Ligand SMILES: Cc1cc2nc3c(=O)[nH]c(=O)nc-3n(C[C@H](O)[C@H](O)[C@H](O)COP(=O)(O)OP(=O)(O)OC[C@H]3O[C@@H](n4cnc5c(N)ncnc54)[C@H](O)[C@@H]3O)c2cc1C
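Only one chain comes next, encoded as structure tokens, the form predicted alone.
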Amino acid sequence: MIKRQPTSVILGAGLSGLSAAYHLKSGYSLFEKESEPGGMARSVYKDGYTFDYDGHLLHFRSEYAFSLINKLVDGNLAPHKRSSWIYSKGSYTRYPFQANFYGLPKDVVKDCLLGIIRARTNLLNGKVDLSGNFENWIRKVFGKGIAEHFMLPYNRKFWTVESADLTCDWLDGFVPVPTLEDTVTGAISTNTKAYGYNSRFWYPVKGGISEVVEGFLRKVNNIHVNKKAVTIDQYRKEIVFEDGTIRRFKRMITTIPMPELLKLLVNLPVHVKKAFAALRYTSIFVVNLGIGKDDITDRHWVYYPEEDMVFYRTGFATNFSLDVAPPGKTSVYIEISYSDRCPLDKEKAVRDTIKALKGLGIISDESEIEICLPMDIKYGYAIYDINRKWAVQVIKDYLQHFGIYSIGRYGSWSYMSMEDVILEGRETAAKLLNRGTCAGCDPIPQGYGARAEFTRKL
């Protein structure tokens, strides 16, 4: 059956699609391939535990976004002062590494201090070109010691590629740059100064991160689930769904991951195909554990740069909200990166994870694990290599010629926070409403300075 009335169509009911629908208010149809909306912002409930689809926390740089989310969840948000740590050289040190050497072996502290002093001296003397790849930026800003003791091994583990293969396009304040004075202070004493855009975060008091999705769903209508698109004819402006239905559109918002979108579009020009083929990504294997004891740690999350740990981060969701586990128990998520360049034996990864948790003292015996719920996330992070910027621009320019807007973390192929994708949905809705920008909305601040300034206000 063909519905002839052209309308605005949204493919994907994750946060960016839900935000676009919310800000359009009417005149749209929202289609989701899964049996429930939410995308990567969903939560799974099992035997009294709540597990999010990987660790999701709310960080705000925009007063509009904070007010919107707080309203949608009816005030069900609690602020937290971040307690994040790094485990390396057999010791826990505070995040970020580049401002917290206290407690590390003396030779490591010396390497890091001398390296950053030399780096900053070169910067002051104007001797350094900071353009180029991420490894160059790390070495020139932080020096050899910080680079080799943490930055390079951690980012290799996280991105599954060398830092030299990454551009700096994604930084935008995600990597804190403390002053030299702060670095020295953190080498000789415990440094409790907050750094970075996520020095404070918010999380629902009750329920998991899907409470944000539920808030949107109370305001958004015309959602159709179990509607998987199998063909998008951009020339005829028609979508064919797996159930055989066809839907015409005048304009479209798609949040489908770009590599999946390639499989749906028809008769693509060669240069657009090449752009799609240039996209690279990491996947994330998340091991969610329900542990039958509490008082494991008061930390929120911990980073692990060394190769002897299969995972790059552990998060203790019970420290975000006691509601995510039964009384006296703990909800933990463990994140492991992999890719076609760095494959993963997932069964072995679970065994290695449990063994490592024993070694760290997080569990004393495997019998303490009540639930083990792995989640395999195909599209984790877009890799910011030398091809990404031009490839994404070619794809977006081509799609917009047909009135198609590709948005969201995977539709924009960008390193974005939850707030970022919600704001992008809002701005895209404004374009469809022919406003250019969101009428009456505050401008979206950019970068770490804007994030930090708004966080200070709160």
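Quantities reported herein were computed from a predicted structural model and do not represent experimental measurements. Just count from 1 along the sequence shown to find any residue number.
Beyond the structure shown, there is the form predicted in complex with this ligand, which is absent from this document and is the topic of what follows.
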query	finding
Site test, 15, 57 and 264 vs this ligand in the predicted complex, non-hydrogen atom cutoff 4.5 Å	yes
Any non-hydrogen atom of residue 380 within 4.5 angstroms of this ligand in the predicted complex	yes
Residue 391: touches this ligand in the predicted complex, heavy atom cutoff 4.5 angstroms	no
Contact test in the predicted complex: residue 409 vs this ligand, heavy atoms, 4.5 Å	yes
Interface membership of residue 33, this ligand in the predicted complex, 4.5 Å heavy atom rule	yes
Listed range touching this ligand, judged in the predicted complex by heavy atoms within 4.5 Å, from 349-357, 79-87, 105-113, 220-228	220-228
Contacting member of 399, 430, 40, 68, with respect to this ligand in the predicted complex [4.5 Å, heavy atom]	40
Listed residue (152, 302, 363, 256) with a non-hydrogen atom within 4.5 angstroms of this ligand in the predicted complex	256
